[in-house]
Ligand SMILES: Cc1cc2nc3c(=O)[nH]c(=O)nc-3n(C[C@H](O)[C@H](O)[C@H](O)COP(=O)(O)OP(=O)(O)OC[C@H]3O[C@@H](n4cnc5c(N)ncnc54)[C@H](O)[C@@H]3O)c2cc1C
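Listed next as structure tokens is one chain, alone, in the form predicted on its own.
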Amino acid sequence: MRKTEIAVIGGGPAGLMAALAAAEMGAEVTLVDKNNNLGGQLVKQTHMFFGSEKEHASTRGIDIGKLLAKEAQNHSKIKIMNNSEVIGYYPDDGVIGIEVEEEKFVKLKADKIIIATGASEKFLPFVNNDLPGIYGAGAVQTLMNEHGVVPGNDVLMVGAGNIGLIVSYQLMQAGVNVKAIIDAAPKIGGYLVHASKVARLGVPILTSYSVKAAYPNQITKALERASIWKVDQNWQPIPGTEKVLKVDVLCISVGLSPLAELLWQAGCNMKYVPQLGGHVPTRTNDLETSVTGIYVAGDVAGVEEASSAMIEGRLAGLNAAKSLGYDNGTYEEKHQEALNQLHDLRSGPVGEKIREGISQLVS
């Protein structure tokens, strides 16, 4: 049995910021992450971030991840458990069960817990959706940006949100031919700046289109063609509108679902909020769930951009430390600053969906 004041589960942007914020207040933190390296999704994001200087604007995601990881590794108040996967939460005694390096089982008892486990990719049901050559966008980013391997030659991107648009541009930078980007929604979901970059390079973006089927090469059994068709305002396919594209890669980027298993195990009050990606926990303005002492931050609390995840992590870390009595005289200033940053990131028409979702959760 190990003990810590604050356990942070997840070493991505939200978890790193939570650990650093709590440690800066004086709390002892144990940061648990299943991967060998900290950074979460940041380790594969080569594009530059928007926002203000405090949100690391004009810095590439991979560099932000390295910066935050280095700060956490060098902080005397933070203990890091890499290659350690949380496999259970036991509400009777508030213990976290951790499998370390697939060799031993460790129990961790924490006074406060911050869950920042992120989200997983959604997939699409269509004929032959399990063929070799069909990837999630995160897998394509991992291949290219972490391992330097292109997934194929000709790509159909499914999803015109920010991730789909960004990955399409990264594919083109790697010399891959993006045949088209399609989206079942009637309009592009990502930022105009990302859509404009790929459109200027001649890639058609087809809205109100979805995948009908994928077809294998008869010899290799890998993807060779994909059939797409238009959908109506009720998301139903329109027969006779089919188009067939010769592609060897079909990249799926249709959103994320919060990885909330630990929250369910802990007995947190959960609510299905489509604007935030699925089932998410109700919480206070301080990001504390319905279970006292358990906080959330990042995509597990509602799918957003990484900048918002980092600020939420900072807010959760500050509040968890404050609840333990840590206040070095900077809490109020830091707390208000984080709230202001979140407000700015979620302002305007772009953040309307997020604001609607959060309004259903905060008590």
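These numbers were taken from a predicted model, which means no experiment stands behind them. Throughout, we count residues from 1 along the sequence that is shown.
The same protein has a further form, the form predicted together with the ligand, not shown here; the description that follows concerns it.
Interface residue remark: Gln45 is counted as part of the site for the ligand in the predicted complex, having a heavy atom within 4.5 Å. Among residues of the shown chain, Gly152 is not one whose heavy atoms approach the ligand to within 4.5 Å in the predicted complex. For Thr289, no non-hydrogen atom is located within 4.5 Å of the ligand in the predicted complex, even though that partner is not displayed. When contacts are judged by a 4.5 Å heavy atom cut-off, Glu305 counts as touching the ligand in the predicted complex. Proximity to the ligand in the predicted complex, defined as a heavy atom within 4.5 Å, holds among Gly118, Gly190, Gly133, Gly255 only for Gly118. In summary, among the residues Val249, Leu263, Val86, Ile182, the only one with a non-hydrogen atom within 4.5 Å of the ligand in the predicted complex is Val86.
Of the candidate stretches 6-14, 351-359, 21-29, 335-343, only 6-14 has residues whose heavy atoms lie within 4.5 Å of the ligand in the predicted complex. Using a 4.5 Å heavy atom cutoff, none of Thr282, Asn285 and Asn319 lies near the ligand in the predicted complex.
Contact annotation for 160-195: residues with any non-hydrogen atom within 4.5 angstroms of the ligand in the predicted complex are Ile163, Ile166, Val167, listed in sequence order.
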